[in-house]
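Read the single chain below, which is given as structure tokens and is the form predicted alone.
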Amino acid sequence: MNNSTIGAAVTMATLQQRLDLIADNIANMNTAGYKSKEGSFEDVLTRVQQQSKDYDLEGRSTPLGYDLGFGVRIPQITTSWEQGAMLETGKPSDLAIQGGGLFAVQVNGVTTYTRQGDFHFTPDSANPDKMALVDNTGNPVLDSTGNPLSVQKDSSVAFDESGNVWLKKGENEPATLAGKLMLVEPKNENMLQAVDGGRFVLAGGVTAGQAFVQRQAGEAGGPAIRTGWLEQSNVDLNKEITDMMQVQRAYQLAARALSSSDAMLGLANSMSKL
């Protein structure tokens, strides 16, 4: 294959990857707490081609060499952490984070982090007298000690903006503190790696102590929880549609370049047989 064929093929594969990202974003535009993914392009440079000394004519100001690239690639997929719009649901176990925080949810024994706060209580299979807080797929939500959060059943439960869980057994009974949600605040989002379901895990080699801000009890600042609200996806449909049209145009151009390159190769082969 010649350079133009390789460049067109590499570019088409990269554009397909970008289209997959856009499709993923659009598919999750109604997913609570979802953060859109982005990918920028960069040239695939393999070498600097040197021209013959015959081109080094008097008065030339540009160098003889030129960059010989082979299409484009997406060096890194990033996540947009822009705050999504808030939707009031009135449901006491729907929680939204105002600011840069994440809930902790245990999935298949692994601690993951998410902005999706559409939680609900379900009977605790490990303790019949309690009910466990789970996410929309049944995964346990963790408390500040790293254990699944559960409270006494047949009680009224409320969350405050710090993530404290308050329990009230009767109308005239005082509310008692029953635990606290794990709410982490990333120092740098690049220390997190996106996984399925709008969740994140710690990137390889990164510890929780390195990734999250450590605040003292009662220290001001940090994220806050809004009860009865859900953070919506931050996907901008207009931007995604515009990006999709641009990528489709670029894909058509690369496909045409590949077709032209193939035609030139066929012509060269036919000439060599004459």
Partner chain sequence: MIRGLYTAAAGMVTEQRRHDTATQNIANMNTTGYKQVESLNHSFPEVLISAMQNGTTKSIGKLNTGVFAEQSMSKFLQGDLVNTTKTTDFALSSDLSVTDPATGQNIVFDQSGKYINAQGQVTYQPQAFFTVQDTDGNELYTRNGSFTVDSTGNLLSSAGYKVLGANGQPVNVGALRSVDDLRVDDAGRVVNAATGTDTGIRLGVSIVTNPQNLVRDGNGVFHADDPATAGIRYAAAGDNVQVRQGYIEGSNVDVTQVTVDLNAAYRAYEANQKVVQFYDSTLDKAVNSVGRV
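For clarity, a rigid core is taken as the largest C-alpha set superposing within 1.5 Å between two forms. Owing to the predicted nature of the structure, the values given are computational and were not obtained by experimental measurement. Positions refer to the first chain, counted from 1.
Another form exists, predicted together with the partner chain; not displayed. Remarks below refer to it.
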{"property": "Candidate stretches 154-162, 119-127, 89-97, 71-79, one within 4.5 Å of the partner chain in the predicted complex by heavy atom", "result": "71-79"}
{"property": "Heavy atom of K169 within 4.5 Å of the partner chain in the predicted complex", "result": "no"}
{"property": "Any non-hydrogen atom of Q51 within 4.5 angstroms of the partner chain in the predicted complex", "result": "yes"}
{"property": "Interface membership of S260, the partner chain in the predicted complex, 4.5 Å heavy atom rule", "result": "yes"}
{"property": "4.5 Å heavy atom contact, T46 and the partner chain in the predicted complex", "result": "yes"}
{"property": "The partner chain in the predicted complex reached by all of K37, N147 and S233, non-hydrogen atom within 4.5 Å", "result": "no"}
{"property": "Contact residue in the predicted complex, chosen from P186, P140, G179, G84 - any heavy atom within 4.5 Å of the partner chain", "result": "P186"}
{"property": "Contacts with the partner chain in the predicted complex - residues in 245-264 whose heavy atoms fall within 4.5 Å", "result": "Q246, A250, L253, A254, R256, A257, S260, S261, A263, M264"}
{"property": "T62 C-alpha moves between the shown form and the other one by 2 Å or more, core aligned", "result": "yes"}
{"property": "After fitting the core, Q248 CA displacement of 2 Å or more between the shown form and the other one", "result": "yes"}
